[in-house]
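Form predicted alone, single chain, as structure tokens, below.
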Amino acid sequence: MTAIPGLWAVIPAGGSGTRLWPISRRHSPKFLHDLTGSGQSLLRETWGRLSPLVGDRIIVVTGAAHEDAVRRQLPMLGYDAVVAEPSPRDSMPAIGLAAAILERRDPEAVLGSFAADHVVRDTDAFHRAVTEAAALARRGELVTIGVEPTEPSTAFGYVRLGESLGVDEAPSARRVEEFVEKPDRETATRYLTTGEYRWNAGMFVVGATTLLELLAVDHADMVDSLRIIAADPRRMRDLWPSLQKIAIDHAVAEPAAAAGRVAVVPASFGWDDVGDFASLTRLVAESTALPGITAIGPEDDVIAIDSTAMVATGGRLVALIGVDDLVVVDTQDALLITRPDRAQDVKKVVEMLTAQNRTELT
């Protein structure tokens, strides 16, 4: 794979992955973990599939609490390639700051934003999709990569496909009709039946200046602050807290789509956001030798008799007898037992612990 000229990879590495508690915590979020048994953390895997596209043109935006861990996991990156945000402000300020930094370095720079904690199985297909997206971005488009849905998921937003754009360098490209919030099961099933919808995986490719111009339509003050911080990082501490907490979808993608400014490259490359234990079970099930058991950690730490479960071990023996369809996560200070169909509710435990001021467990 030849690197794409002028393309920079921006890796937002934030969030705490509350649906994967107690594996993922505020101090050690899921992107720092090897959750799939690959031998690498999700962050390292993300760097590995992006570096052939961009070489060393990579910026990681992460929380100040995780800066040292990110640098340890990616020692090949230069000092300026890791940007630490003082507090989480959602995806738009993080990606916007990277855009402002890149704009100062190269006014023609194109950035691709790809989360640090996602899984992609077919790297070649991913590279082809990004190549098409970069060609569209150079034409002034805000581009999202729409992932072909494999089930009527209610955990993801959707992108509705419009007309073909007829661009030779991006033959798959379509106009985005609209972004749709997470639907209920009946609606999601209808979306798949039409064939007109793709999952919104939160992957965006766009010119750095174009992104800031689109953001300035409704958030001019944020753009001013981001450009000031990019010019003088010492201003981060006093300006960052004033930035609105908002996702890039709401700040830019949805209004730009309504104005006919967003393109989509539909693609299928085995994508998963590893959003909960049900998702994680599907990802690692094929690599487990124990009948009926999906193991994260040493399989010798699990004894299962007439049982089916996903088990994440923390150094102690876990024995299961005559139980089915469980998720068991054992760590040094917390034990989680649930079912895959309740995986989305794990975040409620974190919310309760926070309300009880037991943040040392979150």
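Here the rigid core means the biggest group of C-alpha atoms that line up within 1.5 Å when the two forms are laid on top of each other. What you are looking at is a predicted structure, and each value in this text was computed from that prediction instead of being measured. Each residue number is its position in the shown sequence, starting from 1.
Although it is not shown, the form predicted in complex with a further copy of the same chain is what the next lines describe.
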Segment that reaches a further copy of the same chain in the predicted complex - one of 45 to 53, 317 to 325, 28 to 36, 60 to 68, heavy atoms within 4.5 Å: 317 to 325
Candidate spot A155, V180 and D218, all three touching a further copy of the same chain in the predicted complex (heavy atom, 4.5 Å): no
T331, heavy atom within 4.5 angstroms of a further copy of the same chain in the predicted complex: yes
Proximity of L361 to a further copy of the same chain in the predicted complex, heavy atoms at 4.5 Å: yes
Interface membership of V346, a further copy of the same chain in the predicted complex, 4.5 Å heavy atom rule: yes
Residues in 295 to 318 close to a further copy of the same chain in the predicted complex, defined by a heavy atom within 4.5 Å, in order: D300, D301, I303, I305, D306, R316, L317, V318
Rigid core superposed: D341 CA moves 2 Å or more between the shown form and the other one: no
